[in-house]
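Just the one chain here, laid out as structure tokens, in the form predicted alone.
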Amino acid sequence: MATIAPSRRVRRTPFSDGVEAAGVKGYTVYNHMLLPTVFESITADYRHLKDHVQVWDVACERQVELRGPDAARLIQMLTPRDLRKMRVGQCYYVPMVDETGGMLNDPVVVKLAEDRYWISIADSDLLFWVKAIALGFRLDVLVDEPDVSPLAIQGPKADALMVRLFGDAVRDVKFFHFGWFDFQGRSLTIARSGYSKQGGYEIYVEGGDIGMPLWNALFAAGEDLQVRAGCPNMIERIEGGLLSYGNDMTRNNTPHECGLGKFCNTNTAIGCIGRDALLRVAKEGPVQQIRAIAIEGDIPACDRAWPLLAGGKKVGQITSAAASPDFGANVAIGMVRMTHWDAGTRLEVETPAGLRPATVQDKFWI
């Protein structure tokens, strides 16, 4: 595959020097920034993530900051999840929708104060939508992208590494909560969260000047823990059913189709822009939905949607797929019509290498 040409439109991150020194072999572009995709190999990176601890440059998870008297009103307008009980110090996973109920993003919202939020976004230009809503409704709120670059610490040894830099108190941070911790005189927001099922933290690094000092400190502290640079791993995320916006779901899908109906409190999320549309979806139910799929035989890299067939007729599509070493199967995420989404249903996948048998699963693997 061709290389990515350097440009101001494809931004480096505060950790790029460290990523390159660690031997990154591949990048993608995510929110107009570089996101590493592989270091040693997809399979070797997968094994190391499950056994040890990795430091991920996920600065591409840009923040949309809402600050001001109407911040709480605006954040509720963006999502059908009821945020009224959200407390300072909590993080919420939230579907964000347009007026038709279509998914615009599936970020993590961080509540820093009663009048200040960060929306830690997936790969879409959500900033422009949020600014337009704030302006159109004449809300008293500042909407901007702050100089904040997340760094993820993921893997079973993540706690051990973090304690060495931030003390035992970091262990007390609950899942999808955060606290403030000092590093070289700078207060950093650290959440127990991350885009893997292996456990870990996300450090919200304010100010690029401390990016490499923090990176280097983590590697120095974790040498005996076999710490390595890593990145979100496709095999591991599919095993865990972690969805990728733009791959597994788009603006053409509702949260209910994406299996996110439990985050849609349409009766109480008053003010959500897509609420009326989602009320109809909740009442009638989706006609298609995300499912875990096991595919038989050898499969190529999944860089496009593969049709799912039943009796030669399309009944859905595979959006992510990979061979899993731990489960001895080709694990996949697919959008399947309701007529064929029951566990155990036998289907066929039209891959570039030919038709492959597939079976709908009752759940994801981890």
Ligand code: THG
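Bear in mind that the values here come from a model prediction, so they are computed numbers and not experimental data. From 1 onward, residues are counted along the sequence shown.
Not pictured, yet referred to below: the form predicted together with (6S)-5,6,7,8-tetrahydrofolate.
- Judged against (6S)-5,6,7,8-tetrahydrofolate in the predicted bound form with a 4.5 angstroms heavy atom cut-off, the residues Val108, Lys197 and Leu243 are in contact without exception.
- Taking Phe263, Phe183, Trp129, Phe137 one by one, only a single residue has any non-hydrogen atom within 4.5 Å of (6S)-5,6,7,8-tetrahydrofolate in the predicted bound form, and it is Phe263.
- With the partner omitted here, the residue from Tyr204, Phe178, Tyr117, Trp215 that has a non-hydrogen atom within 4.5 angstroms of (6S)-5,6,7,8-tetrahydrofolate in the predicted bound form is Tyr204.
- When contacts are judged by a 4.5 Å heavy atom cut-off, Phe166 does not count as touching (6S)-5,6,7,8-tetrahydrofolate in the predicted bound form.
- Within 4.5 Å of any heavy atom of (6S)-5,6,7,8-tetrahydrofolate in the predicted bound form lies no heavy atom of Phe219.
- For the chain shown alone, Glu61 is a contact residue for (6S)-5,6,7,8-tetrahydrofolate in the predicted bound form, at least one non-hydrogen atom being within 4.5 angstroms.
- (6S)-5,6,7,8-tetrahydrofolate is not drawn, but in the predicted bound form it has a heavy atom within 4.5 Å of Ile121.
- Comparing 189 to 197, 271 to 279, 290 to 298, 137 to 145 against (6S)-5,6,7,8-tetrahydrofolate in the predicted bound form, the single stretch with non-hydrogen atoms within 4.5 angstroms of it is 189 to 197.
- Scanning 274 to 293 for heavy atoms within 4.5 Å of (6S)-5,6,7,8-tetrahydrofolate in the predicted bound form gives no residues at all.
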